[in-house]
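Presented as structure tokens, the chain that follows is alone, the form predicted alone.
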């Protein structure tokens, strides 16, 4: 039998029909729906007189348009007052499980799916959201879809998809103390470009990945979209199985034993062929931060902003020049010491319990600098409860952070939680596009500890000295 990659193995197991020309009809195991993309697609389905094919395989929750203020309601945001009631109405009509605003398991869809065991090794996970690649951290095959595909999945529980090319990113060594998975993937994107994996499915492998906690793997896979690929994945291992075991929707009893046996076969064959291979020495990675308006505009925290003239082609040179103009920066500048007005710790990239614990290590016993608005937005109600049980909320609030309700929040400007024009936000989210956090907002992406340090110092700062003495 021909040697296959991990992605090819999962893909092959889900083919319903070969449509020729490189296209396959695939079965969808899990379909996740949120308030931004869900109501229009559900409405389109109803307008055509169609029903949801498998409502028991679809799970919905409001996260994008909702307020994260304590005591929030549907009506607290302009988009939420329209879309959240619509999501509630349509999911009720179709018999879809909704984790509503008042549900004890509500949260960001890409946080809730894994923590409930909806996301499992070897399953296909689709959502009308580009960061569905996050679920690859558990060995699932996940990717984001557009509105027409979303409606197709609702109606048929299948999707037409072209087989991607295969890429493997091998990360040798191990991350140094104070360096996060976010730093690793930002450096990867910075070196190879925001389109470096366009057309590929990316498998992350190597000793640095094997030693990486599962939540860190999800962060890594989350930013695969920013690397240009729809799919990012890590082969499941004992750490994955330990993470999944006992979660609400995970298999139990004899079904668990059967699943575990199948999951242990989910790895690329030793002689599997990849269309492209990239190797990274993880031990050489240092904390990263973005300077421009693309995740590819990344530099070492203690580095200097590159000269746009060094870019390979005219389009890249122009894009970098415009990015510097938008960000109010110049080539050759250092970011260390640059004053900031906002810090956002949250999003589907970095809002899990381990992220909040890392931030609290820097924050403990200190206080947010004067003039800085600092928010911590847990990724789910479960994360919020676990963090409060550990006293993390008290650490953050004592330091002057706002401790908020779960949601996408300042990751994107559709929920009235924005950064004012011309002001800077150090953010643990995944995109720093022009206007992403509000018209004229200037966003610097980084890891959790770096964001926490910026809140305390009031400027971009190296978190490692703070973490050592915290």
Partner chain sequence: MERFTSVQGRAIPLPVPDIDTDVITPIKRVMQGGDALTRYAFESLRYTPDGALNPDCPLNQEVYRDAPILLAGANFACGSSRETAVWAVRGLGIRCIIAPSFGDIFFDSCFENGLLPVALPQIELDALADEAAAGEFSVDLERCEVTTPSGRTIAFAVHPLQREALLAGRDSIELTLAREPEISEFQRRDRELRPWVYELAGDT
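Computed from a predicted model, the values in this text were never measured in an experiment. Numbering follows the first chain given and starts at 1.
Beyond the structure shown, there is the form predicted in complex with its partner chain, which is absent from this document and is the topic of what follows.
Partner proximity in the predicted bound form, defined as non-hydrogen atoms within 4.5 angstroms of its partner chain, places exactly one of 278 to 286, 390 to 398, 233 to 241, 247 to 255 at the interface: 247 to 255. For the residues 161, 106, 267, 170, the 4.5 Å heavy atom test against its partner chain in the predicted bound form is passed only by 161. Scanning 308, 178, 144, 190 against its partner chain in the predicted bound form with a 4.5 Å heavy atom cut-off leaves one residue, 144.
Among heavy atoms of residue 263, some come within 4.5 Å of its partner chain in the predicted bound form. Using a 4.5 angstroms threshold between heavy atoms, residue 422 stays clear of its partner chain in the predicted bound form. Contact between residue 404 and its partner chain in the predicted bound form is not found at the 4.5 Å heavy atom cutoff. Its partner chain is not shown here, but in the predicted bound form it comes within 4.5 Å of a heavy atom of residue 97. The partner is not shown here, but in the predicted bound form the stretch 106 to 135 reaches within 4.5 angstroms of its partner chain through a heavy atom at 118, 120, 122, 123, 128, 129, 130.
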